[in-house]
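One chain follows as structure tokens, the form predicted alone.
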């Protein structure tokens, strides 16, 4: 018999109607009463961690989820984390770095409509997640939602109301779940265990640096806030236009700010506002000018959620050199990138 632990954190799936709108209010035991019929071959335990809207998720909550999984890791065959959809992609990415090489599946799921509603996607999402977590071939961190299985490092919420809320960015979906049947599209060892695979040892981290700032560029943006943004944060990820670059009007201030720090003291990383195909700084002059002027990390085909989460994980160790930070950022983990990048020489 497979043993699955469900960890609840609140979110829409456990919400109830209030005079002020939907609010998480269903206990883990109340949630148990709505569980779909799974069969006698799967034993399910439920543990409540939080009861919160995922908008309020913080680094401390991520650490608590990791510790709960680590404490129970040897006692269960798989884990399902019930989570609000709004920040689920960030949590999935963070768990992919804080729990590496897991031989057991760690599945995140939730719902666009509460499980107590007559019309809801919660029951099907829970059923699919439990079945996937109990399957002997499943491993690693994934999101299971609307019949899709998406790598934790590749998920993004793309719809605010529809049941098909998540997409897999720059990587095919791992699997589809249809009428209780798992149809696997990717059998990569990061997500799928082979019959002859040796057992891996999960690597847990319980430290994270939340001082990573995501700056979305807009036309005519003033650079006057850049000094303060870099002062209070350890890394700034710039979400640029298209293939990548920054406006000429910001370069002088950025140069002045970064000249006061060593590369490892304040990390500058670039990603793109475009959902698919990633950044390519070398394509245009504005990107090449940027890459040639600063010690910079480029997300390439990584999602912005994974780029932010990976930096938070890496910078938990503030003793790392710039070269080691580069190496760790560009090292593929759980298929977070498919592009090989050579570390650049120090330019500041």
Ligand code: ASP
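This one's a predicted model, so the numbers in the text were calculated from it and none came from an experiment. Positions refer to the first chain, counted from 1.
Below, we turn to the form predicted in complex with aspartic acid (ASP), even though it does not appear here.
Participant: Quick one: from 103, 264, 239, 86, grab the residue that has a heavy atom within 4.5 Å of aspartic acid (ASP) in the predicted bound form.
Facilitator: Checking each option against aspartic acid (ASP) in the predicted bound form, the one that comes within 4.5 Å is 86.
Participant: If we define contact as a non-hydrogen atom of the residue within 4.5 angstroms of the partner, is residue 205 a contact of aspartic acid (ASP) in the predicted bound form?
Facilitator: Residue 205: no contact with aspartic acid (ASP) in the predicted bound form.
Participant: Might residue 268 be said to contact aspartic acid (ASP) in the predicted bound form, defining contact as any heavy atom within 4.5 Å?
Facilitator: Outside the cut-off, so no.
Participant: Closest heavy atom of residue 51 to aspartic acid (ASP) in the predicted bound form, within 4.5 Å or not?
Facilitator: No, residue 51 sits far enough from aspartic acid (ASP) in the predicted bound form that none of its heavy atoms falls within 4.5 Å.
Participant: With a cut-off of 4.5 Å between heavy atoms, is residue 233 one of the residues that contacts aspartic acid (ASP) in the predicted bound form?
Facilitator: Close contact is absent here: in the predicted bound form, residue 233 is far from aspartic acid (ASP), nothing within 4.5 Å, heavy atoms only.
Participant: In the predicted bound form, which of 171 to 179, 110 to 118, 197 to 205, 93 to 101 comes within 4.5 Å of aspartic acid (ASP) (heavy atoms)?
Facilitator: Selected stretch: 110 to 118.
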